[in-house]
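Heads up, what comes next is one protein chain in two forms, each shown on its own as structure tokens, labelled structure 1 and structure 2.
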Structure 1
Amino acid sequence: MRNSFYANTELIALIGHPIKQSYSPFIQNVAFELVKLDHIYLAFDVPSDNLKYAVSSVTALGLKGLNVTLPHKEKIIRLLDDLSEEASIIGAVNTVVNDHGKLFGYNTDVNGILESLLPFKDEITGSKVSVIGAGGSARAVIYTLIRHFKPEELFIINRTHQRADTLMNYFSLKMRYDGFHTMELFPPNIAGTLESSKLIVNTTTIGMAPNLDDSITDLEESFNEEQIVFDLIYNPAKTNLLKLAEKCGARVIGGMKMLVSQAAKSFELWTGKKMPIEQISKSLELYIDEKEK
């Protein structure tokens, strides 16, 4: 990794709270080196009260752009000048480009979700799917599923019924989709819904480091060998949810492919260049293995 920077080095930042679990700085900085760009990517822990100051610093300091993660993906929208079509419909932003002082918001999570699920498109289309959570990541998942996979039924399962209902009503109107159902996240009650779903997607932080023992369910009857279970969490690489689903015969997808695919799209928006995805994925695997020793 480079250890020298200059007055014309371009800065791109990641903002969120908390932030220390992120692999994005590693991914982007390795990509900048491989493509030989004089850029640096830094992570900043920004509590919600400081979001507006962090965003104003992008133009004040001339940053090239931002990545945005929890809990800012929805709140940042009101601080931007314009949005891509996807970000506008989803109502959440994870990438910001500074174009001569104008801030444009994008949602590259869509690209990561799409790339992760494309191998299973024929199975997902016309089937029943369950999405756990109702935050910014859930919005990107729901948008991608409706736009690209067209499931027959889509269950939103969340801690609070009201937030799930709000999301259902929003996308019913925005995308003219009438296959929604909602329910609260109580493991004994959701087992039947999960078990009958072809695809289950966890968009919550339940099971993310450092809370490795947590899971949305510990009921084996929630899973079967006909299913695909996708957890957006990438740290750890395999959550307790995925371990249990795999034990029950389901095919599982961790969040690492999504992480790299969405990062590649962000990289392209900032630089106009393609990220060397294969090299980045291999470097990231080695980096994680080294950290875990």
Structure 2
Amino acid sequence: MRNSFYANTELIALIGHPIKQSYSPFIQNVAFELVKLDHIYLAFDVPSDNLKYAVSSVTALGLKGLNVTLPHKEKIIRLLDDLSEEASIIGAVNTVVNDHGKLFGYNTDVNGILESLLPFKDEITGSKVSVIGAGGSARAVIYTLIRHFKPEELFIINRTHQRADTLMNYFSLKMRYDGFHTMELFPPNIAGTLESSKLIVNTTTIGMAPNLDDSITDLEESFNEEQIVFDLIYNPAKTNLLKLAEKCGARVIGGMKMLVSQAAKSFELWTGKKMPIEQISKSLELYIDEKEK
């Protein structure tokens, strides 16, 4: 990895709290190196009280842009000059571009979700889908499904039922979509809904390392060979949920493709260049294998 930087090296920062587990610095710095850009990407742990100072430093120090992660994705909006349509509807920003002192917010998770699901577009369009979870990433998933796949019915299933209802009411109005239903996350009760869904998307943290044994359901009757099951979690690459769905014959998608695709879109917004996705994915797999040893 490169270790010389110069007076005109461009800086892009990741801000969040905590940020220690992020793979984004690895992805972006390898990409800068491969594309031969004199750029550096650094992660900064920014607690909420310091968010406004971190954002004003982007223009004060002339950073090229930011990635934004939890817990700042929503709160940063009021500190920006303008938003993409997607970021504005979703209500969350994960990428900021500094365009001559004006800060523009984007949500590139949409691109990551879209790239992961596009191979199944014909099957998903017009069908019944289930989204588990009602947090930040569920908002991006729901937006992408309605905008690009127009499902006939969309179930939001969440531990806190009221949060699912809040999302349903918000997106019904904002996107004029009337196919919503909501349910409480309770495994025996959701099995029938999952089983009759063409697509199931897990947007919760259930099954994420280090809690590898957890799963939103361990009932085989939740899955069948007609289905597509997408888990946003990328660590582990294949969660218990995906292992069970695969055993039942479903086609499964892990979160790694979304992770790299959302990073690629951010890279493009900052630099105007394409990220070499295949090479980055291979390097990332090796990097994670090394880290896990």
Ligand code: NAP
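Just so it is clear, the structure is predicted and the values come from calculations on it, not from any experiment. Here the rigid core means the biggest group of C-alpha atoms that line up within 1.5 Å when the two forms are laid on top of each other. Just so we're on the same page, residue numbers count up from 1 along structure 1's sequence.
Note on provenance: structure 1 matches the form predicted alone. When each C-alpha is placed with whichever rigid part superposes it better, residue 167 ends up apart from residue 269 in the two-part motion between structure 1 and structure 2.
The angle of turn of the smaller rigid part against the larger, between structure 1 and structure 2 and from C-alpha superpositions, comes to 13 degrees. Taking the core as reference, the Cα of residue 39 moves 2.3 angstrom between structure 1 and structure 2. Once the core is aligned between structure 1 and structure 2, the alpha carbon position of residue 54 differs by 4.3 Å; this is the C-alpha shift at that site.
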